[in-house]
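One chain follows as structure tokens, the form predicted alone.
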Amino acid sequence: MFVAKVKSDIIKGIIEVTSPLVNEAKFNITAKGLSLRAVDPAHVAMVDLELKNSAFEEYKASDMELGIDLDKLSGIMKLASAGDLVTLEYDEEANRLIVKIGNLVRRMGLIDTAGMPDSKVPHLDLPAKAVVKAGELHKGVRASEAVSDHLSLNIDKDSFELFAEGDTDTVNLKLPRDMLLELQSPGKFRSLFSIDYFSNMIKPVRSEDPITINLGNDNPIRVDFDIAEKNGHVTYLLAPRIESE
């Protein structure tokens, strides 16, 4: 059984977080809420998302897996206005997800989850941590997109820094400790990442909200933030680009 009523913005948020990496996702449903974990086809990035039942206006569920085509769901959700309530219901007989927005009803065929992998979150030793206002990161990334396809992130004991270098131009965003919400670093750490992936990862976060970044030297980055008024959480992992000598 799965019947839930939720604000459209929350479903749109799930799609925005997940769809840059995959077109299809396996949703794990329990009485406590839903979760999903997905890795992009190139195995460069992973998303791990959890949404508590408290994020919903109404929620009744037993344990199950739902394979959902995110492109289809996104198409339906484009018809919902901000603040609209959306009802989701699993039709076991037809193996469909029934989506209701006002008087509109869409019965959506589900994907067999048997072929969908169960990805595990790897344990990473990432010694540096910075908590940054999303708005600052958005500015730095937007400026970087104009000059390069990759950027470096740097954390030391005094600051967090974003740097991008193109053929003729550079972009630098340096935030000292007093402009950060939190900073922990036993030394200097730096890794290089694809701007496209990193931009998609932080795009869903509102400017005033915090983003936690965990970093090592030439290691994957871990990015964490809350969603759905802190009733949900997202973790991204992104593999580094290794510079050629």
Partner chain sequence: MGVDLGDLFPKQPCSYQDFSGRIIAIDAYNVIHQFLAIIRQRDGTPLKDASGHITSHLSGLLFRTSNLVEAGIRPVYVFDGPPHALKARTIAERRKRKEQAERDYQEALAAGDLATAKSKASQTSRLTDEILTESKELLLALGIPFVQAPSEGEAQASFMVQQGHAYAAGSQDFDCLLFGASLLIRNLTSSERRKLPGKQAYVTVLPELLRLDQGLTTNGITREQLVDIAILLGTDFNDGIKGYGPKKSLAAIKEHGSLEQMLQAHPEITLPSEEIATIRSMFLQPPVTTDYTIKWTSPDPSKVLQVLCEEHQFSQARVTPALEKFQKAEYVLKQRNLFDF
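Treat the numbers as computed from the prediction; the structure is a model and nothing was measured. Positions refer to the first chain, counted from 1.
There is another form of this protein, the form predicted together with its partner chain, and it is not shown here; the text below is about that form.
- Though the partner is left out of this view, T170 does not reach within 4.5 Å of its partner chain in the predicted bound form, counting heavy atoms only.
- In the predicted bound form, at least one heavy atom of S194 sits within 4.5 Å of its partner chain.
- Within 4.5 Å of any heavy atom of its partner chain in the predicted bound form lies no heavy atom of R107.
- Put simply, P41 is close to its partner chain in the predicted bound form: some heavy atom of it is within 4.5 Å.
- Heavy atoms within 4.5 Å of its partner chain in the predicted bound form are found in exactly one of 153 to 161, 99 to 107, 119 to 127, 68 to 76, that being 119 to 127.
- Note on contacts: among E57, E182, D218, D63, the single residue with a heavy atom within 4.5 Å of its partner chain in the predicted bound form is D218.
- Distance criterion of 4.5 Å from any heavy atom to its partner chain in the predicted bound form singles out D149 from the list D91, D149, D112, D84.
- Taking its partner chain as it sits in the predicted bound form, the stretch 45 to 62 comes within 4.5 angstroms of it through a non-hydrogen atom at A45, M46.
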